[in-house]
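Taking the form predicted on its own, here's one chain by itself in structure tokens.
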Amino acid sequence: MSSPALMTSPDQAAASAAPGAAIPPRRPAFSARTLRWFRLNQDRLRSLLVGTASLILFLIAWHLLTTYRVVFFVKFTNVPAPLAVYASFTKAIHDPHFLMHILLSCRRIFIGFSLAAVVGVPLGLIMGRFKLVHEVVFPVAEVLRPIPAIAWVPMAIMLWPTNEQSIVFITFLGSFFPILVNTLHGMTLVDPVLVRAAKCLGAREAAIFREVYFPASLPHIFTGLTVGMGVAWVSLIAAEMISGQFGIGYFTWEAYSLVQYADIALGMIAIGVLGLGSSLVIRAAGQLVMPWRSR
């Protein structure tokens, strides 16, 4: 003969055994967690989808314009098709010379940009804090800043004993002035109330500089670093096309001289991808240094 307790379900048994006990909450279902993650990241997903669609539309327009050789103010008769550029890319990635061009350009960018950041950021901070230094350095910087990188190529060749040093110098100049100007601009926007409050609390000059001026100027410093990186690539490519023997700029110019149109487009795309990657690295570093900006 079976017992009545054995005929009851587990839920009924639990309810009868502890009528006053609260039922432990169940884990959220997978669909609920997915929906929550989607709501938290919907802006990023939307940006990713829009960006992907934009690139696809660009490739389709490029393919149609080159396939039908459209001539409408701009001639697409000699422009290579996307498939031709892709074929050139698959061939170039197996060529050690192409990889050498990219590595040399990246090394020049790293050296020139690093020197510009090491010199430009402290100099901008000092110019913004001390009026005498600003009065001495600012006029010279404003005279030199509008000179384009191409105009510096002959002077750089005369100043430095090798082409490598002259190209790095031009890259340094291209990124130095945006970093300096943006850092100086950030120093001028520091709230003087914060400075007076730090002085009232007994902070000395070094502490004020470290705790007030530098953190307040960080957003403008990273803006200058981002802009400086873009100008550094422009300056580097100009220098490599004119006086270089290696580098992605020289690769692009050599492709033009040899009438290899697909390689021209490949070099341009490589420059754009490298520049984008460099800017993303700087933005990521800015988010790590300034976590309050991403909130």
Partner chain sequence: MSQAAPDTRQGHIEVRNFALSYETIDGAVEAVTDTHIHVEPGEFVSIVGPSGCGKSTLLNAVAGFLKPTSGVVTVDGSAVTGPSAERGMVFQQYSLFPWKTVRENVEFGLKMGGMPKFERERAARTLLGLAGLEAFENHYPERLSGGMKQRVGIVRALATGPKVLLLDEPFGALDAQTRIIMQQILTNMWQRLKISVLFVTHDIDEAIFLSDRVYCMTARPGSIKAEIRIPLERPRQQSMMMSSEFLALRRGLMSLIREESLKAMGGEITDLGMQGLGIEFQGHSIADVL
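Numbering follows the first chain given and starts at 1. Source: prediction; values computed, not measured.
Keep in mind that the form predicted in complex with the partner chain is missing from the display, and what follows is about it.
- The putative spot formed by 193, 203 and 292 is fully lined by the partner chain in the predicted bound form; each residue has a non-hydrogen atom within 4.5 angstroms of it.
- Of the listed positions (91, 145, 199, 129), a single one reaches within 4.5 angstroms of the partner chain by any non-hydrogen atom in the predicted bound form, namely 199.
- Checked against the partner chain in the predicted bound form, the candidates 137, 181, 117, 212 yield a single residue with a heavy atom inside 4.5 Å, and that residue is 212.
- Contact with the partner chain in the predicted bound form, defined as any heavy atom within 4.5 Å, is confined among 203-211, 221-229, 162-170, 107-115 to 203-211.
- In the predicted bound form, at least one heavy atom of residue 216 sits within 4.5 Å of a heavy atom of the partner chain.
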